[in-house]
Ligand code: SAH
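One chain is shown next in structure tokens, namely the form predicted alone.
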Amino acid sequence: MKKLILKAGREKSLKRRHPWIFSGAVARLTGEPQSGDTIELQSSDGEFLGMAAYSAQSQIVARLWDSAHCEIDAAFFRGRIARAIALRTRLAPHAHAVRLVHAESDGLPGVIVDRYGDVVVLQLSSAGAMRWRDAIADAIEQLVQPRTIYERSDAEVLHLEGIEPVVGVLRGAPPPADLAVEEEGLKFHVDVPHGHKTGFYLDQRANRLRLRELAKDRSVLDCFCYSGGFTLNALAGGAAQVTSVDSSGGALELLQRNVALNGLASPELIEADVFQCLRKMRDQARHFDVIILDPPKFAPTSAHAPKAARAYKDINLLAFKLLAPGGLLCTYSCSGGVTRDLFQKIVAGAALDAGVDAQIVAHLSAGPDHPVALHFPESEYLKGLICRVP
């Protein structure tokens, strides 16, 4: 067995079940492991610490498969995937679109599995996960029996692993061009080959429904609207008027298709850079009762946090200036490099600079199909606040 021996004292996080080993914690390697190989982890005094996947190029040099001395084989992956699916069956039994496997939180670092009806999308983002692609696909075929397994291994972090992106049909037939899923009574087209993430933002399901409950008779501004998840829920909730902004014309076209699919009234659509659009609206003295800020990932790692903080503060400051009295700001960060505490501080600073007093009336997170491992707080990437101004 190839082994990774840690420096003295660097085993503490592993004993707390944190699944990552960084390169600075490594004393030496034995057996010349290659990227994706399974290795045994040992402390400096020879204590066994677990079985992990090795990555030669990443700063995260090893990702823990299990803290027990077990065989990492096809049966291991089938068991982990079966356990993850069973959890979703209990927590989201009626979901037509659902995350089946959530990487480290389900004991499978670098493995994301999303289901859209009878189409499953597999996203791999680590050397270890890539090594076991076929075993993972076999397990999905056996346990889910989908029409299609489509691979979207194209996340930005792949270059940190020294891995080339892979996109295409992995098993079965190509996904239908008119693929649509139902969520809380609304239907959405899902573009599996080209859409954001794996085709849709499954993590915002509960937060979209929350907006539907808040939108009645209110004017709503949906920023970074993409395919209209929040827009459609605002319309379904009886919003008086909805304005949807995105820099992508293709996203707005998809939003229009989703509006038509559900027979809803058309929102005001604006194709523009959101930052510039908010400034223009400020100069026009426009105001809204509810504003949603759901931007893309500004900080994929903590190293990007300072730059991301400036961007988050800018859009939240502008949003606070556009809120009508008694208005609500639903603001989100999906950046893993920005903690929940930091995000709240950024939003608080934005309110201060905007000259408004604001209250937090709700803390928001991803749904139960995106669980957060207690020993791996980094898995809580999505954080949100609903803030009210007087």
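Start at 1 and count along the sequence shown; that's the residue number. Remember, predicted model here, so these are calculated numbers, not experimental data.
Although it is not shown, the form predicted together with the named molecule is what the next lines describe.
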Checking S247, T148, Q256, S219 against the named molecule in the predicted bound form, the residue with a non-hydrogen atom inside 4.5 angstroms turns out to be S247
Of F77, Y201, Y312, F320, the only residue with a heavy atom within 4.5 Å of the named molecule in the predicted bound form is Y201
The named molecule contact at A82 in the predicted bound form, heavy atom, 4.5 Å: no
Is there a heavy atom of G107 no more than 4.5 Å from a heavy atom of the named molecule in the predicted bound form?
no
Check: According to a 4.5 angstroms non-hydrogen atom cut-off, is D294 in contact with the named molecule in the predicted bound form?
Finding: yes
With the partner left out here, check for me: in the predicted bound form, does some heavy atom of A272 sit within 4.5 Å of the named molecule? yes
Within 4.5 Å of the named molecule in the predicted bound form, heavy atom basis, the matching stretch of 211-219, 152-160, 224-232, 69-77 is 224-232
Looking in the predicted bound form, the residues of 309-330 with a heavy atom no more than 4.5 Å from the named molecule, listed in order, are none
